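Quick setup: one chain, the form predicted alone, written in structure tokens, and binding and motion questions come after.
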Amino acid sequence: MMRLIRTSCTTLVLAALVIPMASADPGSRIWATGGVTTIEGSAGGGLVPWAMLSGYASDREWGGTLALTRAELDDFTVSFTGVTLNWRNRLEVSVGRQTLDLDTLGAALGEDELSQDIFGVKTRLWGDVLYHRYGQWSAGLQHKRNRTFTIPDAVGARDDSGTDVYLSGSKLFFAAVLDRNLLANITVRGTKANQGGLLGFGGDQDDGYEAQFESSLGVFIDRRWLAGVEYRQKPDNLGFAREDDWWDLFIAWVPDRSLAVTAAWVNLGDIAGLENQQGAYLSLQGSF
């Protein structure tokens, strides 16, 4: 009951912060071509960065987004708050804070949460998600810094900061599924982050970069509703507990070009020895 009350209150706070942005003119790009905001701040889905850049800025405009996200898992709560800027649909810069509340393990470990700051840059290399034969391709990096390192250090992490690099390709296929448009994305990420970086970087089993595969598929029910699935492969660097891949089932609602609401069921697998961490995910994004 307390978790339900806390989630409801959080939703109201997020809405109060994001919805007023809907009065601003967010730019001139086509509806929903900025995606939503990942749990690490880059434009994309919930878990996977896409090749599109945030917001609706065209090649002659500035734009950006503000996003607030929360996922209630069985034994943890994951939250993210961040902002992006988009320069002329060529360069995206993002900054945010990601937090893992230790709902079950907090008392035993003596800490209430793990958190990290994430600084991202993404650049559009070539192509266009709508009209280019091979879609749009972008490259990016995410530099992550743990705010506390006591627990990651204790479980065998080597470093309290690290940088992920990735290449993403996105393409919209018109009338591909029952006359509905299909969005497909693939991402290859080089990383040594443990649980996305919340448990540090590198470990006693492996301290090198590994290439990880990520993908997203979404069907536009109409121009306001997008439903799909995401998958994200993960490295396994720490000997004390196995790290599983992540996946989600999502639905995004874009009532206008200034606001996007994403709900999902996420499964993050085993985390720190606690099995099958899954639950509801909610993200609100305002574009400006």
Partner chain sequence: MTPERFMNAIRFTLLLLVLGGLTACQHPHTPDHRDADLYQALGERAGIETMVENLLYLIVEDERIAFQFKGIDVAHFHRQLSDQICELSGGPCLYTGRKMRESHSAMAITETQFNALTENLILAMEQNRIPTGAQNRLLALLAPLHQDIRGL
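Residue numbers count along the first chain shown, from 1. What you see is a predicted model, and the numbers here were worked out from it, not measured in a lab.
Here the subject shifts to the form predicted together with its partner chain, a form of this protein not shown in this document.
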query	finding
Contact assignment for its partner chain in the model of the complex, among Ala184, Leu198, Leu85, Leu102, heavy atom within 4.5 Å	Ala184
Partner-contacting position among Ala139, Ala176, Val95, Leu91 - heavy atom within 4.5 Å of its partner chain in the model of the complex	Ala176
Among 220 to 228, 258 to 266, 63 to 71, 38 to 46, the region lying within 4.5 Å of its partner chain in the model of the complex by heavy atom distance	220 to 228
Ile30 within 4.5 Å of its partner chain in the model of the complex, heavy atoms	yes
is_contact(Phe250, its partner chain) in the model of the complex, heavy atom dist at most 4.5 Å	no
Contact test in the model of the complex: Val165 vs its partner chain, heavy atoms, 4.5 Å	no
Non-hydrogen atom contact Arg145 with its partner chain in the model of the complex at 4.5 angstroms	no
Any residue of 192 to 209 that, in the model of the complex, places a heavy atom within 4.5 Å of its partner chain	none
